[in-house]
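As a starting point, one isolated chain is supplied in C-alpha cells, in the form predicted alone.
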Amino acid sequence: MAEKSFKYVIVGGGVAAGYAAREFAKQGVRQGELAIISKEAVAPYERPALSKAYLSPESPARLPGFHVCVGSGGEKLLPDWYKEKGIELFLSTEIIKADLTGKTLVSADGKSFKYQILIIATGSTVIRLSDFGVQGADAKNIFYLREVDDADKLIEAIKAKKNGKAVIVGGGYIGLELGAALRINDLDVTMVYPEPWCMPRLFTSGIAAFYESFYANKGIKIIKGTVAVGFNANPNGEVTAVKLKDGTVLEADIVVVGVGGRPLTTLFKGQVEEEKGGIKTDGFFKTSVPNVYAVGDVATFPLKLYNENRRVEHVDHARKSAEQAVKAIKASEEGKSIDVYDYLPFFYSRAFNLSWQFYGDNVGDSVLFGDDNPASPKPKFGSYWIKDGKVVGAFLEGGTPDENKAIANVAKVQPPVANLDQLASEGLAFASKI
C-alpha cells in the first residue's frame, strides 16, 4: 500500500478546503507540508454558482471561472496556484477509512495518507429520496445538485428536454433557486413541498407569500402540503411522472430534488465527540481529538453571539471557519493566541432578478416592512425579528450594498426596540441610523 506523509492534511475539497489552503499560503506553509484530498475531479470551487449562474442559458459560468476564492472577491486559485505553493491536490480520491488515533487516512484505491494535523472539511451530502425507499426514485432524469458533475448532467437534460415539464421536489434553497433556473430555461415548472410555505426554516409566512406570488407570476405552479411518493418511468427508464401523496400525478421530463443535506461525518463516528448532528469543536474549530480540526458544514461550534453551540450550513461560514482553523493552527505552533470565532449568521440567495440577504437569528416576533408587492418593478422589503425587546435578526430583499451592511449591523448590535408598529413603519430607516 502506497503511503504518503504530510504535516497538514485537509480531507474534503470544497469551499472550506480552498479557503483553508489560501490561509495556509498566507501563513507561509512550506513546499510539501499540505495536502488536500478530494473525491471531486476538480480543484476547490465556489459551490453556490452551481444553482445560479452555471445554469443560466446566456453566458453561463464555467470552470475555471469560479474556482475559490472569487466568491468573496479574492484571487482565483487555479490548479497551478496549488503547485506553485507546493500544496498537493489529490483529486478523484475518496477516503473510505479514517484512523484518528493512528493519524492515518485510507483511500478507495488503497493509498494511505499520514498526517500530523488534520482538518475535516468533508461538507454535506444530499438527502436522496431513495434513502426513504420512495418507489421509482432511481429513474433517469431525477437530479440532485451538489457537485459540478451533477450540474453538467442537469444541463444535458435541459437541452434534451427542451420546453419540457420539470417538477421540483422541495421548497428550500435549492428548490427556489432551481425552480427559477429551470423556468429561465423555458421549462414548464411545478414545485412541490410539504410545508405551508417555502423556506420555512428561515422565511416567515409574510416573506414567503411574496416569493410564492412572484414565482406564480413567472408561470411556476406551486403545490403545497404534500410530498412525492413515487415516480413513473418509460421503457428507457426515464422519469415520466411524479406521484404525490394527495393522489395528484404530475407529468415530468425532469425532476430536481432538493430536500436537504446531511453532514458527512460517518468516517469519524465513535472517534470524536459529536453534537447536534455535527462534530463538536471549540471557538478555534479544535475537536475533542488533539490535532484534529473540523470546519464548515460538519462543525458544531460555539456561536458566541447567542451563547450556544450550532451547526451552520452556508458558504460564508465554510470560508470563515476554514480561515479561523488555519489561523488557530499557526498561532498554536508559534505560541501565540487569537480571538475565538465570533460569527454573525448570514444567508443569501439570488433568483430571477431578486436578491435577498439575512443576518442574525430568526427567533421571536417578526415585523414586515417596505414594498412587498410581487408586481412592483423593483420590490424592496424586509423583516426584523425581535426577542426580549431587542432586534436579533434582519432580512432584506432588493437591498443596496450599503443597506445590506446596515441590516447586518443591526443583527450584530441587537439594538433595543420598544414599539413593533413603529419599527415596522420606520423599516429600513431604523437600520440606517444604528
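Residues carry their position along the shown sequence, with the first being 1. What you see is a predicted model, and the numbers here were worked out from it, not measured in a lab.
The same protein also has a form predicted together with a small molecule, omitted here; what follows describes it.
Only one of Val239, Ala180, Ile87, Val169 comes within 4.5 Å of the small molecule in the model of the complex through a heavy atom, and that residue is Val169. Checking Arg310, His314, Lys280, Lys327 for any heavy atom within 4.5 Å of the small molecule in the model of the complex turns up a single hit: His314. Remark: Lys336 does not count among the residues lining the small molecule in the model of the complex, judged by a heavy atom distance of 4.5 Å or less.
Proximity of Lys103 to the small molecule in the model of the complex: non-hydrogen atoms within 4.5 Å are absent; the residue sits far from the partner. Not displayed here, the small molecule is approached by Gly258 to within 4.5 Å at the level of heavy atoms in the model of the complex.
Contact annotation for Lys224: none of its heavy atoms lies within 4.5 Å of the small molecule in the model of the complex. Contact with the small molecule in the model of the complex, defined as any heavy atom within 4.5 Å, is confined among 72 to 80, 281 to 289, 259 to 267, 209 to 217 to 259 to 267.
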